[in-house]
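Quick setup: one chain, the form predicted alone, written in structure tokens, and binding and motion questions come after.
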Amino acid sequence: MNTAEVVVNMPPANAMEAGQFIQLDNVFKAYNNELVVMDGMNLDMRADDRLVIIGPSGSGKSSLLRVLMGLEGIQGGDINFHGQPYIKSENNDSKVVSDELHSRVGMVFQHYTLFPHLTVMGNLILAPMKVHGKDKQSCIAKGRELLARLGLEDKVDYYPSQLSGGQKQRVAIARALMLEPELMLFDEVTSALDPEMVTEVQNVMMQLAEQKMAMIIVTHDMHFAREIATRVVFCAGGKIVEQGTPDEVFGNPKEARTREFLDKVLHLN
């Protein structure tokens, strides 16, 4: 399935300074004070990075995305965005300290999270109108443009229940793009899809990558990870064990734990 080219409005050049994008400083997160999923995590992301996070279940991959989206808190450490405080821990809890920075982050989830009672267009225009106070007609115009670029122009008045999995996920991507984010987070967005539908969604993500959209992607698809990533980050036990270019991590991993993981998922001998 060939979708039309997706075009997004990138932020101004002065907002894209490579070294001033996302920084995690000694971030700690645990569930019920027992299950540690981020154990003193440090990570620097450049504005021209497409980070792919890989690792076994429970290694903190999805937790990292949910924290960056402001959906879950941390118990220690701080996160900066564009060199400014974004999420700060305080008294064993945390808060998003900048709503303006928060509005620059978009996320697409594994299970779509579309509102079932709203049409495709209703799903797209809700946040821009409610969060940014934009007028309905301009939101509809922008929504139609995005849907056309994603090959969904004929689904404007459909409800989520009338769409395939791949179509739902493309609508979810369009909904996130409606807010013109600088950073897109993708959490296992193809894991619930049939193989044919996986290609539909990955094609859209590759188009965004070609336009230098900053992304953090959690995936179990190592072949796609190698294709789209500028940098691969391997996590285990709540820690970053190894990171590097796709060729470095997949072709010549330095850490035994990384090799063990890749041997299992890639069936290497």
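Quick note: we count residues from 1 along the sequence shown, nothing fancier. None of these values were measured; they are calculated from a predicted model.
The protein also exists as the form predicted in complex with a small molecule; that form is not presented, and the subsequent description refers to it.
Enquirer: Although the partner isn't part of this model, could you tell me whether M206 comes within 4.5 Å of the small molecule in the predicted complex, counting any heavy atom of the residue?
Expert: M206: no, not in contact with the small molecule in the predicted complex.
Enquirer: Given that the small molecule is not shown alongside this chain, does S62 nevertheless sit within 4.5 Å of it in the predicted complex, heavy atom to heavy atom?
Expert: Yes.
Enquirer: Does at least one non-hydrogen atom of G70 fall within 4.5 angstroms of the small molecule in the predicted complex?
Expert: Because no heavy atom of G70 falls inside 4.5 Å of the small molecule in the predicted complex, the answer is no.
Enquirer: According to a 4.5 angstroms non-hydrogen atom cut-off, is G58 in contact with the small molecule in the predicted complex?
Expert: Result yes; G58 sits at the interface with the small molecule in the predicted complex.
Enquirer: Using a 4.5 Å heavy atom cut-off, which residue among I217, V37, A214, V232 comes into contact with the small molecule in the predicted complex?
Expert: Partner contact (heavy atom, 4.5 Å) among the options: V37.
Enquirer: Please pick out the stretch from 239-247, 196-204, 221-229, 50-58 that is in contact with the small molecule in the predicted complex, where contact means heavy atoms within 4.5 Å.
Expert: Selected range: 50-58.
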